[in-house]
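Next up: a single chain in structure tokens, the form predicted alone.
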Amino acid sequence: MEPGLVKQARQHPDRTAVLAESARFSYRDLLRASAGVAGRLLHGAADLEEKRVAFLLPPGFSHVAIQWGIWRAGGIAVPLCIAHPPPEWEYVIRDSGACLVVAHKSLAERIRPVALGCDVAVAVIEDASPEPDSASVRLPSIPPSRRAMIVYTSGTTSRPKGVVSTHGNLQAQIETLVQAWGWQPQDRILHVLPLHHVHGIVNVLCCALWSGAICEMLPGFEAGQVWERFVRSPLTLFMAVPTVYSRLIAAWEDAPPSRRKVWSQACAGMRLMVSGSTALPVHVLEKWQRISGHRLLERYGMTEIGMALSNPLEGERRAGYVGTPLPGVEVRLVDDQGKPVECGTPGEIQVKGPGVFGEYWRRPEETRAAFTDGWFRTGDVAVVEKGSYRILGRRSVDIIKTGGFKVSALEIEEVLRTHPDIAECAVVGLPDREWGECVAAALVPRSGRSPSPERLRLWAKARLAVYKAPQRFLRMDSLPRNLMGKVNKRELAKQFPPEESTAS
């Protein structure tokens, strides 16, 4: 029995699978290269038996071949982020109990001291190339229940946890997106996302390769380069985070009118553009639609569940909403006592389905606490309005309890972004003796602007209920974000100086 992606690849061996490093690789190339990798990892053994193999490679064909090779050898793939500092690598290697680190030669000297400090060997590769005799490699049978991958959470609200997905989990996540978003062999997608995160691994790479489509991979993101790829490549899909779309918008606005026209026209041939990983600001949605002609499809998911909610491929996509449950996914909203709530009432999102993970690696107590009666407790709060889900935020950092009210930081942020002097903002709750928590806003002003806290407070009170209006403001040059563009609110809250009371 082979992993589902491998079986799918055998259906179209001669089609192009990956475009990277100025080269074209077919599905047959990927099958041969990954079989060769698996053979070297096994080194005469019959099965890796779920040994963890960490790997650190830049985006490209070799990255995909190594990941598939680990799976085909019966191991658990543990992707490392090339942009992380050594202490982050050490944490993942130690926590996962990796038996080996596979590293590209360009990154080997950086990772070697970390691996050796963890008493783990490093296998250095230059490039994973197709091997003609790889068909003779004896590979183990891999049932769907076999653990396939450990991806670590972003750590924006707590220490990163290793989310374990089986091959069956991954297949379910892929199949629901292929169905919902209409993936076809004729599709071609440009990959610009990190490959240590479910957005880049499943939504883009795995869905493309499951479908027999082409995945074109860039070594990194640079806005002008991506725009030019839109012009040169006949793309049909593009997926990114709001920060990427904001940077593409900025590059478009800085370009001469003649180039703007060419760039905008290049988007016309695409059938779908998707945004996710963090809330999409309404002004970004609207500006991107004016530039590209595409209304971004926003969806909701997590490392633990893959994707759960999505706006429709065909039909209305409402600004600020993430749609309805995907095929095969059950979603419910519950109150603080775990009872389902009615439409229009906020509640915690809970999810059930074959794509939901089974465990946090070596954290049985946290795994048990994450589920109730088979439902995964996401910790995110949403409300259903007119049949569509609207995310109010993370219960731990985005739902602020102030003066007896529960308010959504995301709602306040959306209002603050309409202020002409504010370029970026993030809202957090800070401890307060009188109110329990006070609403505090960190602001990145537009160039040359310097809005005063007093005027901002009055402006906000004219547009928000008095208990929602920020009581404290902090000016910043930039907001602390992770590689997916998500604001680290735990770190942000520490930036505010202590204050005795905020009564007004």
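Only a predicted model underlies this, so the values are computations on that prediction, with no experimental measurement involved. From 1 onward, residues are counted along the sequence shown.
Same protein, other form: the form predicted in complex with adenosine monophosphate, not shown, and the subject of what follows.
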{"item": "Full three-residue contact with adenosine monophosphate in the predicted complex, heavy atom 4.5 Å, for 277, 380 and 401", "value": "yes"}
{"item": "is_contact(residue 302, adenosine monophosphate) in the predicted complex, heavy atom dist at most 4.5 Å", "value": "yes"}
{"item": "Close approach of residue 367 to adenosine monophosphate in the predicted complex, 4.5 Å, heavy atom", "value": "no"}
{"item": "Distance check, residue 296 to adenosine monophosphate in the predicted complex, heavy atom within 4.5 Å", "value": "no"}
{"item": "Heavy atom of residue 394 within 4.5 Å of adenosine monophosphate in the predicted complex", "value": "yes"}
{"item": "Stretch in contact in the predicted complex with adenosine monophosphate, which is absent here, among 287 to 295, 401 to 409, 340 to 348, 89 to 97 (heavy atoms within 4.5 Å)", "value": "401 to 409"}
{"item": "Option touching adenosine monophosphate, based on a heavy atom within 4.5 Å in the predicted complex, out of 148, 322, 248, 205", "value": "322"}
{"item": "Contact assignment for adenosine monophosphate in the predicted complex, among 264, 236, 153, 233, heavy atom within 4.5 Å", "value": "153"}
{"item": "Sense of CA distance change between residue 400 and residue 284 in the predicted complex, threshold 3 Å", "value": "closer"}
{"item": "Pair residue 406/residue 300, Cα separation in the predicted complex versus the displayed form, closer or farther by 3 angstroms or more", "value": "closer"}
